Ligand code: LIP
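Shown here is one chain on its own, the form predicted on its own, set out as structure tokens.
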């Protein structure tokens, strides 16, 4: 069992590494004309920057915590009792197209429980960070989910995944709109979930998302008083799952609209 002091050291290290990686991302973004871009699949962008940032994060965390394992979007890895789960650039399509909405996402999980979440947006210089049981903050300010209780006043982000059919995605969009909410898709699941934790959005849903995109944000939403479905059920760590995070006052409504999650206990 890792003591709280050891968790705090990992929390501080994750923030420091995220900022260092963010500095690299910002430089690469500002000079991206020389970066090669390819596709891993339909609408699934890959740039040289993704691999470079992940290499930096992997090295820094291995130096500080050699006993921990690492699971990254680009280099893969393994599931372990003590592990880091990292997306070097979440929002690569935005990065590649010159849209300044992307981030690095670093989560630490112990015994399959997300303990630490750090998401850094290098273009706005916003550091979202949380530790289980210790609250969540953005640039030092406490985060709290919104007080929304009625869908007609909500804004919901609906992430899109090529792993699910367009009909399934459009069905959720239609139901959310018919319930009176507005929706958006900004291209970064990690930031979308962090925005729920900070009350900027009232919910985020996606029919399939990977662990490196959402684990850090899940810690934040829970610490900010929000709802998150059991994302790690089954083999969610390696294969991904649907995700729903929401302000508590609209969580039950969104569970019904999206079909993701289970009944919120009073």
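Positions refer to the first chain, counted from 1. In this text the structure is predicted, and so the values were computed from the model without any measurement.
The form predicted together with the named molecule exists for this protein as well; it is not shown, and the discussion that follows is about that form.
- Residue 146 falls outside the set of residues with a heavy atom inside 4.5 Å of the named molecule in the predicted complex.
- The closest non-hydrogen atom of residue 131 lies beyond 4.5 Å of the named molecule in the predicted complex.
- A residue is said to contact a partner when one of its heavy atoms sits within 4.5 Å of a partner heavy atom; residue 72 fails this definition for the named molecule in the predicted complex, lying far away.
- Using a 4.5 angstroms limit between non-hydrogen atoms, residue 118 is distant from the named molecule in the predicted complex.
- Exactly one of the stretches 220 to 228, 233 to 241, 206 to 214, 58 to 66 approaches the named molecule in the predicted complex with heavy atoms within 4.5 Å, and it is 206 to 214.
- Of all the residues from 151 to 167, those having a non-hydrogen atom no more than 4.5 Å from the named molecule in the predicted complex are 159, 160, 161, 163.
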